[in-house]
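Provided below as C-alpha coordinates are two forms of one protein chain, presented individually as structure 1 and structure 2.
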Structure 1
(Lines of atoms letter the chains of each structure in order from A and count residues from 1; the text may use other names and numbers.)
(Lines give C-alpha, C1' and ligand atoms only; values in the text may rest on other atoms or scores of the structure.)
Protein backbone atom coordinates (compact mmCIF):
# COMPACT_ATOMS: atom_id res chain seq x y z
CA UNK A 1 0.00 0.00 0.00
CA UNK A 2 1.21 3.49 -0.82
CA UNK A 3 0.27 5.97 1.85
CA UNK A 4 -0.97 9.35 0.72
CA UNK A 5 0.77 12.49 1.83
CA UNK A 6 -1.50 13.81 4.60
CA UNK A 7 0.72 16.72 5.53
CA UNK A 8 -0.19 18.52 2.31
CA UNK A 9 -3.90 18.15 3.18
CA UNK A 10 -3.37 19.57 6.67
CA UNK A 11 -1.58 22.56 5.16
CA UNK A 12 -4.61 23.20 2.91
CA UNK A 13 -6.98 23.09 5.90
CA UNK A 14 -4.77 25.53 7.75
CA UNK A 15 -5.08 28.03 4.90
CA UNK A 16 -8.87 28.05 5.39
CA UNK A 17 -8.45 28.84 9.08
CA UNK A 18 -6.04 31.63 8.17
CA UNK A 19 -8.92 33.21 6.23
CA UNK A 20 -11.14 32.96 9.31
CA UNK A 21 -8.49 34.71 11.40
CA UNK A 22 -8.28 37.45 8.77
CA UNK A 23 -12.08 37.82 8.88
CA UNK A 24 -12.14 38.00 12.67
CA UNK A 25 -9.48 40.72 12.62
CA UNK A 26 -11.40 42.65 9.97
CA UNK A 27 -14.64 42.49 11.98
CA UNK A 28 -13.03 43.72 15.19
CA UNK A 29 -10.56 46.20 13.68
CA UNK A 30 -7.69 44.34 15.23
CA UNK A 31 -4.57 42.83 13.70
CA UNK A 32 -3.09 39.39 14.11
CA UNK A 33 0.23 37.63 13.80
CA UNK A 34 0.58 33.96 13.02
CA UNK A 35 3.20 31.93 14.83
CA UNK A 36 4.11 28.41 13.78
CA UNK A 37 4.44 26.17 16.85
CA UNK A 38 5.00 22.64 15.62
CA UNK A 39 3.80 20.01 13.20
CA UNK A 40 4.16 16.32 12.71
CA UNK A 41 3.37 13.62 10.19
CA UNK A 42 1.23 10.51 10.48
CA UNK A 43 2.92 7.20 11.32
CA UNK A 44 3.97 4.63 8.72
CA UNK A 45 3.81 1.15 10.24
CA UNK A 46 6.41 -1.51 9.34
CA UNK A 47 5.16 -5.06 9.62
CA UNK A 48 8.63 -6.58 9.13
CA UNK A 49 9.93 -4.79 12.24
CA UNK A 50 6.70 -5.54 14.13
CA UNK A 51 7.31 -9.25 13.55
CA UNK A 52 10.88 -9.03 14.88
CA UNK A 53 9.65 -7.13 17.94
CA UNK A 54 6.85 -9.63 18.54
CA UNK A 55 9.20 -12.63 18.37
CA UNK A 56 11.38 -11.03 21.05
CA UNK A 57 8.40 -9.99 23.19
CA UNK A 58 7.07 -13.55 23.02
CA UNK A 59 10.45 -15.04 23.98
CA UNK A 60 10.92 -12.63 26.91
CA UNK A 61 7.35 -12.66 28.18
CA UNK A 62 5.95 -9.74 30.15
CA UNK A 63 6.94 -8.08 33.44
CA UNK A 64 5.77 -10.04 36.49
CA UNK A 65 4.32 -8.17 39.45
CA UNK A 66 4.32 -8.81 43.18
CA UNK A 67 1.20 -9.00 45.34
CA UNK A 68 1.91 -5.48 46.62
CA UNK A 69 2.23 -4.12 43.10
CA UNK A 70 -1.03 -5.79 42.11
CA UNK A 71 -2.76 -4.38 45.20
CA UNK A 72 -1.57 -0.86 44.33
CA UNK A 73 -2.59 -1.20 40.67
CA UNK A 74 -6.03 -2.54 41.62
CA UNK A 75 -6.59 0.31 44.07
CA UNK A 76 -5.39 2.89 41.53
CA UNK A 77 -7.75 1.42 38.91
CA UNK A 78 -10.63 2.08 41.30
CA UNK A 79 -9.96 5.84 41.08
CA UNK A 80 -10.96 6.31 37.41
CA UNK A 81 -13.79 5.22 35.12
CA UNK A 82 -13.11 2.81 32.28
CA UNK A 83 -10.90 0.40 34.18
CA UNK A 84 -12.78 -2.49 32.59
CA UNK A 85 -12.08 -1.39 28.98
CA UNK A 86 -10.70 -3.96 26.57
CA UNK A 87 -7.00 -3.13 26.08
CA UNK A 88 -4.81 -3.34 23.02
CA UNK A 89 -4.89 -2.00 19.47
CA UNK A 90 -5.68 -5.40 17.93
CA UNK A 91 -8.68 -5.90 20.22
CA UNK A 92 -10.29 -2.81 18.69
CA UNK A 93 -10.16 -4.22 15.15
CA UNK A 94 -10.06 -7.99 15.25
CA UNK A 95 -12.88 -9.99 16.86
CA UNK A 96 -10.69 -13.05 17.48
CA UNK A 97 -8.00 -10.97 19.20
CA UNK A 98 -10.69 -9.19 21.22
CA UNK A 99 -11.95 -12.59 22.41
CA UNK A 100 -8.42 -13.73 23.30
CA UNK A 101 -7.70 -10.51 25.18
CA UNK A 102 -10.98 -10.83 27.07
CA UNK A 103 -10.01 -14.26 28.35
CA UNK A 104 -6.40 -13.22 29.04
CA UNK A 105 -7.73 -10.33 31.13
CA UNK A 106 -10.09 -12.62 33.00
CA UNK A 107 -7.20 -15.01 33.68
CA UNK A 108 -4.95 -12.16 34.83
CA UNK A 109 -7.69 -11.37 37.33
CA UNK A 110 -6.45 -7.87 38.24
CA UNK A 111 -5.88 -4.40 36.87
CA UNK A 112 -2.39 -5.12 35.49
CA UNK A 113 -2.50 -6.67 32.05
CA UNK A 114 0.26 -9.19 32.67
CA UNK A 115 0.00 -10.80 29.24
CA UNK A 116 1.06 -10.15 25.65
CA UNK A 117 -1.63 -9.19 23.13
CA UNK A 118 -1.40 -11.45 20.03
CA UNK A 119 0.33 -9.89 17.04
CA UNK A 120 -2.09 -7.79 14.99
CA UNK A 121 -1.05 -6.35 11.63
CA UNK A 122 -4.29 -5.19 10.08
CA UNK A 123 -5.41 -1.64 9.49
CA UNK A 124 -5.38 0.39 12.68
CA UNK A 125 -5.38 3.94 13.83
CA UNK A 126 -4.09 5.36 17.09
CA UNK A 127 -5.99 8.46 18.13
CA UNK A 128 -3.62 11.31 18.81
CA UNK A 129 -0.35 12.10 17.14
CA UNK A 130 3.34 11.68 17.77
CA UNK A 131 6.50 12.94 16.16
CA UNK A 132 7.62 9.32 15.84
CA UNK A 133 5.54 9.64 12.66
CA UNK A 134 8.19 11.85 11.03
CA UNK A 135 10.88 9.29 11.85
CA UNK A 136 8.73 6.58 10.25
CA UNK A 137 8.70 8.51 6.93
CA UNK A 138 12.51 8.57 6.84
CA UNK A 139 13.47 5.06 7.97
CA UNK A 140 11.73 1.77 8.90
CA UNK A 141 10.33 2.32 12.41
CA UNK A 142 8.89 -0.10 14.97
CA UNK A 143 7.27 0.44 18.35
CA UNK A 144 5.99 -1.54 21.31
CA UNK A 145 3.85 -0.81 24.36
CA UNK A 146 4.79 -2.23 27.74
CA UNK A 147 2.24 -2.30 30.57
CA UNK A 148 3.27 0.47 32.95
CA UNK A 149 -0.17 1.40 34.27
CA UNK A 150 -3.32 -0.48 35.31
CA UNK A 151 -5.92 -1.26 32.67
CA UNK A 152 -7.74 1.72 31.19
CA UNK A 153 -5.59 4.27 33.05
CA UNK A 154 -6.40 7.59 31.34
CA UNK A 155 -3.65 9.34 29.41
CA UNK A 156 -2.12 12.51 30.84
CA UNK A 157 -3.65 11.83 34.26
CA UNK A 158 -2.40 12.14 37.84
CA UNK A 159 -2.79 8.38 38.03
CA UNK A 160 -0.13 8.04 35.33
CA UNK A 161 2.21 10.36 37.22
CA UNK A 162 1.64 8.48 40.46
CA UNK A 163 2.30 5.11 38.83
CA UNK A 164 5.30 6.30 36.81
CA UNK A 165 7.45 6.30 39.87
CA UNK A 166 6.82 2.81 41.19
CA UNK A 167 8.39 -0.60 40.77
CA UNK A 168 5.70 -1.25 38.15
CA UNK A 169 7.15 1.58 36.08
CA UNK A 170 10.76 0.51 36.61
CA UNK A 171 9.98 -3.04 35.56
CA UNK A 172 8.25 -1.77 32.41
CA UNK A 173 11.27 0.35 31.43
CA UNK A 174 13.75 -2.48 31.97
CA UNK A 175 11.52 -4.91 30.12
CA UNK A 176 11.06 -2.52 27.20
CA UNK A 177 14.87 -2.25 27.14
CA UNK A 178 15.21 -6.00 26.83
CA UNK A 179 12.61 -6.44 24.09
CA UNK A 180 14.04 -3.54 22.06
CA UNK A 181 17.65 -4.70 22.58
CA UNK A 182 16.68 -8.23 21.55
CA UNK A 183 15.09 -6.93 18.37
CA UNK A 184 18.10 -4.74 17.53
CA UNK A 185 20.42 -7.72 18.04
CA UNK A 186 18.29 -9.80 15.62
CA UNK A 187 18.55 -6.98 13.06
CA UNK A 188 22.33 -6.85 13.49
CA UNK A 189 22.65 -10.62 13.09
CA UNK A 190 20.32 -11.17 10.15
CA UNK A 191 20.66 -8.72 7.22
CA UNK A 192 17.57 -10.26 5.60
CA UNK A 193 15.38 -8.77 8.35
CA UNK A 194 16.62 -5.25 7.64
CA UNK A 195 16.30 -5.82 3.89
CA UNK A 196 12.65 -6.84 4.32
CA UNK A 197 11.98 -3.83 6.56
CA UNK A 198 13.62 -1.53 3.99
CA UNK A 199 11.70 -2.99 1.03
CA UNK A 200 8.40 -2.54 2.87
CA UNK A 201 9.37 0.99 3.89
CA UNK A 202 10.25 2.01 0.31
CA UNK A 203 6.90 0.76 -0.93
CA UNK A 204 4.86 2.44 1.81
CA UNK A 205 6.56 5.82 1.50
CA UNK A 206 6.68 6.00 -2.29
CA UNK A 207 4.40 9.10 -2.15
CA UNK A 208 7.30 10.95 -0.55
CA UNK A 209 7.68 12.73 2.76
CA UNK A 210 6.80 16.39 3.08
CA UNK A 211 8.38 17.70 6.26
CA UNK A 212 5.59 19.71 7.94
CA UNK A 213 8.14 22.08 9.49
CA UNK A 214 8.60 25.26 7.44
CA UNK A 215 12.24 25.88 6.40
CA UNK A 216 12.58 29.00 8.55
CA UNK A 217 10.81 27.68 11.67
CA UNK A 218 12.69 27.24 14.92
CA UNK A 219 11.56 24.99 17.80
CA UNK A 220 9.21 26.96 20.05
CA UNK A 221 8.75 26.42 23.75
CA UNK A 222 4.95 26.02 24.05
CA UNK A 223 3.19 28.60 26.22
Structure 2
Protein backbone atom coordinates (compact mmCIF):
# COMPACT_ATOMS: atom_id res chain seq x y z
CA UNK A 1 0.00 0.00 0.00
CA UNK A 2 1.32 3.43 -0.97
CA UNK A 3 0.02 6.48 0.86
CA UNK A 4 0.73 10.21 0.78
CA UNK A 5 -1.00 13.38 1.92
CA UNK A 6 -2.32 14.11 -1.57
CA UNK A 7 -3.37 11.86 -4.42
CA UNK A 8 -0.95 13.34 -6.97
CA UNK A 9 1.95 12.65 -4.60
CA UNK A 10 0.74 9.09 -4.02
CA UNK A 11 0.59 8.41 -7.76
CA UNK A 12 4.17 9.67 -8.18
CA UNK A 13 5.31 7.61 -5.21
CA UNK A 14 3.64 4.50 -6.65
CA UNK A 15 5.67 4.93 -9.85
CA UNK A 16 8.85 4.99 -7.76
CA UNK A 17 7.80 1.85 -5.87
CA UNK A 18 7.20 0.15 -9.24
CA UNK A 19 10.72 1.13 -10.34
CA UNK A 20 12.13 -0.33 -7.13
CA UNK A 21 10.31 -3.61 -7.77
CA UNK A 22 11.68 -3.75 -11.32
CA UNK A 23 15.19 -2.99 -10.09
CA UNK A 24 15.01 -5.62 -7.36
CA UNK A 25 13.89 -8.21 -9.89
CA UNK A 26 16.79 -7.36 -12.20
CA UNK A 27 19.34 -7.53 -9.38
CA UNK A 28 18.11 -10.91 -8.15
CA UNK A 29 17.32 -12.35 -11.60
CA UNK A 30 13.76 -12.99 -10.53
CA UNK A 31 10.33 -11.91 -11.74
CA UNK A 32 7.46 -10.16 -10.04
CA UNK A 33 3.76 -9.69 -10.67
CA UNK A 34 1.88 -6.47 -10.00
CA UNK A 35 -1.85 -6.59 -9.30
CA UNK A 36 -3.77 -3.36 -8.76
CA UNK A 37 -6.43 -3.63 -6.06
CA UNK A 38 -7.86 -0.17 -5.41
CA UNK A 39 -6.97 3.51 -5.04
CA UNK A 40 -8.60 6.53 -3.42
CA UNK A 41 -8.00 10.27 -3.47
CA UNK A 42 -7.47 12.60 -0.53
CA UNK A 43 -10.50 14.51 0.75
CA UNK A 44 -10.76 18.19 -0.15
CA UNK A 45 -12.28 20.05 2.83
CA UNK A 46 -14.90 22.75 2.32
CA UNK A 47 -15.03 25.14 5.25
CA UNK A 48 -18.14 26.90 3.97
CA UNK A 49 -20.14 23.66 4.06
CA UNK A 50 -18.56 22.60 7.35
CA UNK A 51 -19.74 25.84 8.95
CA UNK A 52 -23.31 25.28 7.77
CA UNK A 53 -23.24 21.72 9.09
CA UNK A 54 -21.79 22.82 12.42
CA UNK A 55 -24.43 25.50 12.95
CA UNK A 56 -27.13 22.86 12.49
CA UNK A 57 -25.30 20.47 14.81
CA UNK A 58 -25.19 23.21 17.45
CA UNK A 59 -28.91 23.86 17.07
CA UNK A 60 -29.84 20.17 17.32
CA UNK A 61 -27.37 19.19 20.01
CA UNK A 62 -26.24 15.57 20.32
CA UNK A 63 -28.19 12.33 20.86
CA UNK A 64 -29.18 11.57 24.45
CA UNK A 65 -28.37 8.14 25.89
CA UNK A 66 -30.06 6.18 28.66
CA UNK A 67 -28.35 4.81 31.75
CA UNK A 68 -28.41 1.34 30.22
CA UNK A 69 -26.81 2.60 27.02
CA UNK A 70 -24.08 4.34 29.01
CA UNK A 71 -23.43 1.16 30.98
CA UNK A 72 -23.20 -0.82 27.73
CA UNK A 73 -20.77 1.70 26.22
CA UNK A 74 -18.64 1.73 29.37
CA UNK A 75 -18.43 -2.07 29.31
CA UNK A 76 -17.33 -2.02 25.66
CA UNK A 77 -14.74 0.68 26.34
CA UNK A 78 -13.09 -1.64 28.85
CA UNK A 79 -12.31 -4.12 26.04
CA UNK A 80 -9.86 -1.97 24.04
CA UNK A 81 -7.00 0.49 24.70
CA UNK A 82 -7.38 4.20 23.92
CA UNK A 83 -10.81 4.87 25.39
CA UNK A 84 -9.32 7.86 27.23
CA UNK A 85 -8.09 9.57 24.04
CA UNK A 86 -9.36 13.04 23.19
CA UNK A 87 -11.93 12.91 20.35
CA UNK A 88 -11.94 15.18 17.33
CA UNK A 89 -9.20 16.20 14.92
CA UNK A 90 -8.95 19.66 16.44
CA UNK A 91 -7.86 18.29 19.81
CA UNK A 92 -4.72 16.97 18.19
CA UNK A 93 -3.73 20.29 16.61
CA UNK A 94 -5.09 23.07 18.80
CA UNK A 95 -4.17 23.32 22.49
CA UNK A 96 -7.23 25.40 23.41
CA UNK A 97 -9.58 22.92 21.73
CA UNK A 98 -7.77 20.04 23.44
CA UNK A 99 -8.36 21.65 26.84
CA UNK A 100 -12.04 22.25 26.04
CA UNK A 101 -12.54 18.68 24.88
CA UNK A 102 -10.74 17.37 27.96
CA UNK A 103 -13.22 19.28 30.14
CA UNK A 104 -16.18 18.02 28.10
CA UNK A 105 -14.94 14.43 28.46
CA UNK A 106 -14.63 14.85 32.21
CA UNK A 107 -18.12 16.34 32.46
CA UNK A 108 -19.58 13.50 30.39
CA UNK A 109 -18.14 11.07 32.90
CA UNK A 110 -18.50 8.01 30.69
CA UNK A 111 -17.37 6.38 27.48
CA UNK A 112 -19.95 8.05 25.21
CA UNK A 113 -19.07 11.51 23.90
CA UNK A 114 -22.35 13.21 24.75
CA UNK A 115 -21.15 16.62 23.61
CA UNK A 116 -20.23 18.59 20.49
CA UNK A 117 -16.52 19.33 20.07
CA UNK A 118 -15.51 22.84 18.90
CA UNK A 119 -15.31 23.44 15.17
CA UNK A 120 -11.73 23.20 13.88
CA UNK A 121 -10.74 24.31 10.39
CA UNK A 122 -6.97 24.58 10.63
CA UNK A 123 -4.24 22.47 9.08
CA UNK A 124 -4.58 18.77 9.88
CA UNK A 125 -3.97 15.32 8.50
CA UNK A 126 -5.83 12.12 9.30
CA UNK A 127 -4.85 8.90 7.51
CA UNK A 128 -7.62 6.70 6.21
CA UNK A 129 -9.32 5.47 3.07
CA UNK A 130 -12.68 6.67 1.75
CA UNK A 131 -14.16 7.22 -1.70
CA UNK A 132 -15.62 10.44 -0.30
CA UNK A 133 -12.20 11.81 -1.22
CA UNK A 134 -12.81 11.26 -4.93
CA UNK A 135 -16.29 12.79 -4.64
CA UNK A 136 -14.81 15.88 -2.96
CA UNK A 137 -12.74 16.56 -6.09
CA UNK A 138 -15.93 16.66 -8.18
CA UNK A 139 -18.19 18.83 -6.02
CA UNK A 140 -18.12 20.75 -2.71
CA UNK A 141 -18.19 18.18 0.09
CA UNK A 142 -18.67 18.39 3.85
CA UNK A 143 -18.79 15.69 6.52
CA UNK A 144 -19.89 15.29 10.13
CA UNK A 145 -19.19 12.72 12.83
CA UNK A 146 -21.85 11.60 15.29
CA UNK A 147 -20.85 9.39 18.23
CA UNK A 148 -22.17 5.93 17.42
CA UNK A 149 -19.85 3.93 19.68
CA UNK A 150 -17.68 4.61 22.77
CA UNK A 151 -14.81 7.08 22.72
CA UNK A 152 -11.63 5.83 21.04
CA UNK A 153 -13.31 2.70 19.70
CA UNK A 154 -11.10 1.18 16.96
CA UNK A 155 -12.56 1.23 13.46
CA UNK A 156 -13.68 -1.94 11.71
CA UNK A 157 -13.91 -3.72 15.06
CA UNK A 158 -16.38 -6.06 16.70
CA UNK A 159 -17.08 -3.25 19.17
CA UNK A 160 -18.26 -1.08 16.25
CA UNK A 161 -20.62 -3.81 15.11
CA UNK A 162 -21.83 -4.36 18.67
CA UNK A 163 -23.03 -0.74 18.78
CA UNK A 164 -24.42 -0.55 15.26
CA UNK A 165 -27.28 -2.92 16.09
CA UNK A 166 -28.25 -1.03 19.25
CA UNK A 167 -30.14 2.18 19.95
CA UNK A 168 -26.74 3.90 20.25
CA UNK A 169 -26.08 3.28 16.57
CA UNK A 170 -29.68 3.94 15.56
CA UNK A 171 -29.78 7.28 17.35
CA UNK A 172 -26.51 8.35 15.71
CA UNK A 173 -27.76 7.51 12.22
CA UNK A 174 -31.05 9.36 12.69
CA UNK A 175 -29.32 12.35 14.26
CA UNK A 176 -26.81 12.58 11.42
CA UNK A 177 -29.74 12.63 9.00
CA UNK A 178 -31.31 15.52 10.89
CA UNK A 179 -28.10 17.57 10.80
CA UNK A 180 -27.66 16.94 7.08
CA UNK A 181 -31.31 17.75 6.35
CA UNK A 182 -31.05 21.01 8.27
CA UNK A 183 -27.95 21.97 6.31
CA UNK A 184 -29.70 21.18 3.01
CA UNK A 185 -32.59 23.46 3.94
CA UNK A 186 -30.15 26.29 4.72
CA UNK A 187 -28.40 25.81 1.37
CA UNK A 188 -31.69 25.80 -0.51
CA UNK A 189 -32.93 28.93 1.23
CA UNK A 190 -29.69 30.92 1.01
CA UNK A 191 -27.99 30.80 -2.42
CA UNK A 192 -25.07 32.79 -1.00
CA UNK A 193 -24.05 29.75 1.07
CA UNK A 194 -23.91 27.61 -2.05
CA UNK A 195 -21.96 30.28 -3.90
CA UNK A 196 -19.39 30.45 -1.08
CA UNK A 197 -19.02 26.67 -1.06
CA UNK A 198 -18.59 26.59 -4.85
CA UNK A 199 -16.03 29.42 -4.83
CA UNK A 200 -13.97 27.66 -2.16
CA UNK A 201 -14.20 24.37 -4.06
CA UNK A 202 -12.99 25.95 -7.31
CA UNK A 203 -9.99 27.45 -5.51
CA UNK A 204 -9.11 24.26 -3.64
CA UNK A 205 -9.27 22.06 -6.75
CA UNK A 206 -7.63 24.47 -9.21
CA UNK A 207 -4.72 22.05 -9.73
CA UNK A 208 -7.12 19.46 -11.12
CA UNK A 209 -8.05 15.94 -10.11
CA UNK A 210 -5.47 13.18 -10.43
CA UNK A 211 -7.15 9.81 -10.83
CA UNK A 212 -5.29 7.25 -8.70
CA UNK A 213 -6.55 4.31 -10.78
CA UNK A 214 -4.06 3.30 -13.52
CA UNK A 215 -5.50 3.56 -17.05
CA UNK A 216 -4.76 -0.11 -17.71
CA UNK A 217 -6.41 -1.38 -14.51
CA UNK A 218 -9.14 -4.00 -14.98
CA UNK A 219 -11.48 -5.67 -12.47
CA UNK A 220 -10.06 -8.80 -10.89
CA UNK A 221 -12.42 -11.74 -10.55
CA UNK A 222 -11.65 -13.74 -7.37
CA UNK A 223 -10.72 -17.38 -7.85
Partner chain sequence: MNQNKQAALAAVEKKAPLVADVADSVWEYAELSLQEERSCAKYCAVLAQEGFTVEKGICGIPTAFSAAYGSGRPVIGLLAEYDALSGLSQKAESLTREERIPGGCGHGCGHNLLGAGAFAAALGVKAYLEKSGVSGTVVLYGCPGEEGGAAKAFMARENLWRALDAALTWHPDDVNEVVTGSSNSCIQTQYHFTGVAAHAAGDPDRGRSALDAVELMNLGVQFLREHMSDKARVHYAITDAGGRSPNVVQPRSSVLCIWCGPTMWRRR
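Positions refer to the first chain, counted from 1. Here, rigid core means the biggest group of C-alpha atoms that superpose within 1.5 Å across both forms. Because the structure is predicted, anything quoted here is derived from the model rather than measured.
Comparing the two isolated copies of the chain, the second one is the form predicted alone. Once you line up the core between the two structures, the Cα of residue 36 ends up 2 Å or more from where it was. After superposition on the rigid core, the Cα of residue 18 moves by 2 Å or more between the two structures.
For residue 27, a C-alpha deviation of 2 angstroms or more is recorded between the two structures after rigid-core alignment. The two forms line up on their rigid core, and residue 211 then has its Cα shifted by 2.4 Å between the two structures.
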